[in-house]
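Only one chain comes next, encoded as structure tokens, the form predicted alone.
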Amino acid sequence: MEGAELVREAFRDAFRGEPELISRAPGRVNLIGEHTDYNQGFVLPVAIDRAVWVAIRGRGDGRARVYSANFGQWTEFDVDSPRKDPSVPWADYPKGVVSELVSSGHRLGGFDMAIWGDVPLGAGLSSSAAIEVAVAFGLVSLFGIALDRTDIALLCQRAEHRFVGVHCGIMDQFVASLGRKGRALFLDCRDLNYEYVPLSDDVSVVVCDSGVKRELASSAYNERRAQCEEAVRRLREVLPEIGALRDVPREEFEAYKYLLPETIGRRARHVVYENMRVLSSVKLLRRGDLEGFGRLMYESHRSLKEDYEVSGPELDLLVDLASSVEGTLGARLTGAGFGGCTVNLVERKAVRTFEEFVGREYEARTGIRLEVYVCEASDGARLEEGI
């Protein structure tokens, strides 16, 4: 059964009626450009063919009733004053979107909503942004609010900052809103200029879920962000014009890195060189140099492991196993790290061998059954037809 039908059934069971509309937003996997987005740098994600679906119907009062089919839980709140409830942490995401819409001056009525998705939770594929964007896309459609796709992405980012409490960059919400089938999205996270980069039909994007979950809000994510800001503050002593690490050229970083404490310097080095890797990746993909792009993926992982220190033994093992499969062009952790997934660029003819070998060896060495997702680049948020 398709996601739209599953969420429709969940809505019928929960609310004894039909939804007025169903919206969908995808998860994402970032091919390269990790921890660069909140440093106003460059990223290269793809929206994937796993998504969150939201079924909505308006109400005649100011109440919101929201049911999560994945968790089998309810939440209910006043649209004008959503509040956090630790017993239903998943509800922070729809509540945050509602809170941001209201605080931005948009008029919302009451609504009933059911949510269902097949984006793995806590795996680094941004189920949170998929929920936010699906909810926002559905609500602006239901209530006739004039926001374009970029506006929706920015609103959802603010919701995560202000309500959820995670100081994420813009990448996840942006690609969930603006992704395109068969394309990666090259995004400048400072000015939000973007372009679509074709992906070769000869390769598959294969995601391996390590089975190690992580909670961004309670992890070292915010600490890494603060360390990058400290690096900028110190480098401004000699580079007063910089606004973020994206403004620091490699040559000047190497000349002035002595100003940074050892740990801060390694964090900054990752971001400076990762931005360069993204820019190089776009050029390589445009001319079809998949092997060159794959090498940059391996370099990215090494930097995330050694300089940014957001990898772990399971993620490192997955990259090592992937690299030993003939037909794997590149592999790296994707997402914030501290668990979650790796992304692998694999020749289509080698995908089955990859799945079998990496899955078998990973389970033998860790005792964890590996989940492998062979992904297709997908479109961003949309309303489902036929509702």
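Note that residue numbering begins at 1 and tracks the sequence as displayed. Quick caveat, the model's predicted, so the values are computed rather than measured.
Keep in mind the form predicted in complex with alpha-D-galactopyranose (GLA) is missing from the figure; the text below concerns it.
*Asks:* Indicate whether alpha-D-galactopyranose (GLA) has at least one heavy atom within 4.5 Å of a heavy atom of Ala159 in the predicted bound form.
*Replies:* No - in the predicted bound form, heavy atoms of Ala159 and alpha-D-galactopyranose (GLA) never come within 4.5 Å of each other.
*Asks:* Using heavy atoms and a 4.5 Å limit, would one call Ala336 a contact residue for alpha-D-galactopyranose (GLA) in the predicted bound form?
*Replies:* Contact with alpha-D-galactopyranose (GLA), yes.
*Asks:* Just checking whether Tyr67 would be counted as a contact of alpha-D-galactopyranose (GLA) in the predicted bound form - the rule being heavy atoms within 4.5 angstroms.
*Replies:* Result no; Tyr67 lies far from alpha-D-galactopyranose (GLA) in the predicted bound form.
*Asks:* According to a 4.5 angstroms non-hydrogen atom cut-off, is Tyr221 in contact with alpha-D-galactopyranose (GLA) in the predicted bound form?
*Replies:* Yes - in the predicted bound form, heavy atoms of Tyr221 and alpha-D-galactopyranose (GLA) come within 4.5 Å of each other.
*Asks:* Counting non-hydrogen atoms within 4.5 angstroms of alpha-D-galactopyranose (GLA) in the predicted bound form, say which of Ile115, Met171, Leu315, Val272 makes the cut.
*Replies:* Selected residue: Met171.
*Asks:* Counting any heavy atom within 4.5 Å as contact, can you tell me which stretch out of 322 to 330, 53 to 61, 30 to 38, 356 to 364 lines alpha-D-galactopyranose (GLA) in the predicted bound form?
*Replies:* It is 30 to 38 that comes within 4.5 Å of the partner.
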